[in-house]
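One chain comes next, on its own, written out as structure tokens in the form predicted on its own.
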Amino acid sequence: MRSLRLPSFALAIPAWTWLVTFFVVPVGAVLYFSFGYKPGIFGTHATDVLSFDRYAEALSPTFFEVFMNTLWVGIAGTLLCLAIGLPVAYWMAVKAPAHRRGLLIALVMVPYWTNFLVRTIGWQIILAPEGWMSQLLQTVGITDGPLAILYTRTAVLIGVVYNYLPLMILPLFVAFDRVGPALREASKDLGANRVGTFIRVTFPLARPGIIVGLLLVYIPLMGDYITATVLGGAQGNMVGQLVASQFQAAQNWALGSAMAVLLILVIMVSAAAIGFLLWLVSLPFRVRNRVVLEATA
């Protein structure tokens, strides 16, 4: 008796079901609501008349300034995470003793054992004008008065870098660890110094991990509203705050949905543009490292 064999795509059915149920359907609902309107004071949304009016309202000068501020914080925060996380991950994967790497990874993950909101409130206490950081800087003589960083865009930038830095370090660590010491030793045997080995061997092979780290940080950072709410105040507004306020306080689901759709489009377009720029930057290295084999006569 022949056993019943399931089709090859059967194993992917649970994953596709989860993806459709918790991603495609909610995004589709948000997209549909974005064409509606707020029917009255006590109504949240109506879709009997569909139009693009909510998108025009979301792109008004006030909201557009918040969009640009969000884009600035997203790009700057991601680049800072890369600048801080790359040397840390390289040291963990290459320089640190192998028997201590597990401990170092655990230390990187320690902040994620604490609630996201609690971590952000911790920075609110640190950056407060009457906090210990402000008093320490005044005692040392670095500042003449209380620290004036809280409720600014700088405070938001500090918060997002702290909250999302582990998402950059972990994929970079894996990428550097997979290169292995044998390739670096071979590069040194061929006459390359440490800088040349990193540029010619380690960095190109770690490029996939760098791309993954950039996406893992940039995408959730652009939609973050907790950090902006706790640390940003009026000067550090981000689109995530506006979307949350439209759904919760204003009860205007149509306008909030339009803002959410625009945020998704901004993330997709900017991520594609950044990827294209990275490809252009890496192109000279690819051409320089390309080996051309010519047939001998």
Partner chain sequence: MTTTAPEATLTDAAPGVAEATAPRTPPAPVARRARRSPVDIGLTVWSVLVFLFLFAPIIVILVYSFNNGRLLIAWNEFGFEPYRALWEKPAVRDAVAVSLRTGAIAAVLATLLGTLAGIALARKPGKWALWFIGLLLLVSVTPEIVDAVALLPWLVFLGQDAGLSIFNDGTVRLVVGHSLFSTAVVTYIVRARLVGLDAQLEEASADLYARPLTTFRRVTLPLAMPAVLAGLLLSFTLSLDNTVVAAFVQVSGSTPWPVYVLSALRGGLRPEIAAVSTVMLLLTLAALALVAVVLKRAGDSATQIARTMSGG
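If you're wondering where the values come from, they're calculated on a predicted model, not measured in any experiment. Residue numbers count along the first chain shown, from 1. The term rigid core refers to the most C-alpha atoms you can superpose between the two forms while keeping them within 1.5 Å.
The same protein has a further form, the form predicted in complex with its partner chain, not shown here; the description that follows concerns it.
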| in the model of the complex, which of the stretches 52 to 60, 22 to 30, 35 to 43, 66 to 74 has residues with heavy atoms within 4.5 Å of its partner chain? | 22 to 30
| message | in the model of the complex, does Gln248 come within 4.5 Å of its partner chain, counting heavy atoms only? | response | yes
| Contact flag, Arg153 vs its partner chain in the model of the complex, heavy atom cut 4.5 Å | no
| query | Can Gly240 be called a contact residue for its partner chain in the model of the complex at 4.5 Å between heavy atoms? | reply | yes
| message | At 4.5 Å between heavy atoms, is Leu214 in contact with its partner chain in the model of the complex? | response | no
| task | Name the residue from Ile142, Val110, Ala148, Leu183 that puts a heavy atom within 4.5 Å of its partner chain in the model of the complex. | result | Val110
| message | in the model of the complex, does each of Thr78, Phe276 and Leu283 have a heavy atom within 4.5 Å of its partner chain? | response | no
| query | Using a 4.5 Å cut-off on heavy atoms, which residues of 124 to 140 contact its partner chain in the model of the complex? | reply | Gln124, Ile125, Ile126, Ala128, Glu130, Trp132
| Rigid core fitted, then: does Leu278 show a CA shift of 2 angstroms or greater between the shown form and the other one? | no
